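The chain below stands alone, shown as structure tokens; this is the form predicted on its own.
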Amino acid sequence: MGGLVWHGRYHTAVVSPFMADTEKLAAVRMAMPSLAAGIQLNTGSVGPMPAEVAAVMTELAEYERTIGRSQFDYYLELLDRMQEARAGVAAVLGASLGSVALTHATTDGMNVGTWSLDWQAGDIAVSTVQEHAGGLGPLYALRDRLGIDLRFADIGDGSDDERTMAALDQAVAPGTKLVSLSHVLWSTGAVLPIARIAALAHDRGALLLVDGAQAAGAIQVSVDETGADAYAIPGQKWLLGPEGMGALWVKPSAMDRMRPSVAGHFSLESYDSRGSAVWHPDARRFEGSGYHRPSVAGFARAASWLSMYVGLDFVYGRGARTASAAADALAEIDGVELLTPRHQMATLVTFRIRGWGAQAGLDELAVRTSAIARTIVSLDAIRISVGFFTTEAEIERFLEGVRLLAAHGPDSLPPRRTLPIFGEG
């Protein structure tokens, strides 16, 4: 097992890409202390934070409290940390450094991408019936403010690529300005055929903006191969970084059609107060405001920790295997309806338990298994997020709880603590 290394008054496990998988898993779990507090199955909302990330954020916060934030050298240090964060994101997305802009969330990136086009009343934008508010919000704002024609492709649950493509083919008319949708659906966990969608969008004259919140850090993403023009991601989910950070990748060839709609000091290479302004020649032009410095450093550390120390092959391979095994086991339980398509899933698994409303079932599972998951209200379903750090024992523990609920209605359930407390066995 990896040893311990001290960071100020904090310590974490040493994780190396050269470790055997079993040794690496043990070291990874030691490096994320919150995994001991319960079964963490909600990374699709917010992931467990590595001690390494928390340490660098805390040390910077303490420096600011004790020394201050106004030294010019400290500002220059921020610029270096911002570049490190962009580099960490670029490594995860298979992108060039200059194509990455820092944002404050996926939602921030989706807003930046959506509002970057020259919209006129009557212009067409297309999304799907399965999108998250982070992508829908800017589209609704465009519709309400500028009178765009907002269309929705009925792709069902996203499990049938041909249905998805047929629905988009009908919705994306020639001259459409933007197609905006998710890589992995936050609801059912289906992976959409992004490269095919990009080809369709481009054939109709549209740009493709992708919500990568449930893909980046969960499955292998090569943004060039997706065909997308812009790809927004969060810091706090599968990249295990702080909240309030994210990134937007912008294809260099799309930058001429995408103009900053929110801008400031970080967007400009040079400027004066008499009308002269030179935008950054790369994606930094889309960085419209300042950033919380400890969070920038934490985001940089999280992304580099995954790619340089844990290893992305391990992250993607183990995450996919564990999620697939969990989906298979859930599908075998009498009384459980698996909603996630097994043939094109990522690391989200959504299901229903017969006789149980989603919230009541989730509350019961939380008490009996110490599992932290979430509901998908629109589907009245439970969603679990299976990470590369999730153990087979944790999955089995959760499955025991699901089997118990599936075998009993709310009125016939045995008294609580039928299962041992988390950590007892």
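Predicted model, so just to flag it, every value in this text is computed and none were measured. From 1 onward, residues are counted along the sequence shown.
There is also a form predicted together with a small molecule; it is not shown, and the following applies to it.
Self-check item: in the predicted bound form, W186 touching the small molecule (heavy atom, 4.5 Å)
Solution: Heavy-atom contact with the small molecule at 4.5 Å: present for W186.
Exercise. Considering only heavy atoms, tell me if D211 and the small molecule come within 4.5 Å of each other in the predicted bound form.
Key: Yes, D211 sits close enough to the small molecule in the predicted bound form that at least one of its heavy atoms falls within 4.5 Å.
Quiz item: Taking heavy atoms and a 4.5 Å cut-off, does A105 contact the small molecule in the predicted bound form?
Solution: Flag for A105 set to yes.
Quiz item: Can you check whether G44 is within 4.5 Å of the small molecule in the predicted bound form, heavy atom basis?
Solution: Yes, G44 is a contact residue.
Quiz prompt | Partner-contacting position among R293, H132, K177, R318 - heavy atom within 4.5 Å of the small molecule in the predicted bound form | solution = Of R293, H132, K177, R318, the residue with a heavy atom within 4.5 Å of the small molecule in the predicted bound form is H132.
Quiz prompt | Of Q236, S127, T226, S116, the one that lies within 4.5 Å of the small molecule in the predicted bound form (heavy atoms) | solution = It is Q236.
Exercise. With the small molecule left out here, work out from 268-276, 211-219, 169-177, 81-89 which stretch has heavy atoms within 4.5 Å of it in the predicted bound form.
Key: That would be 211-219.
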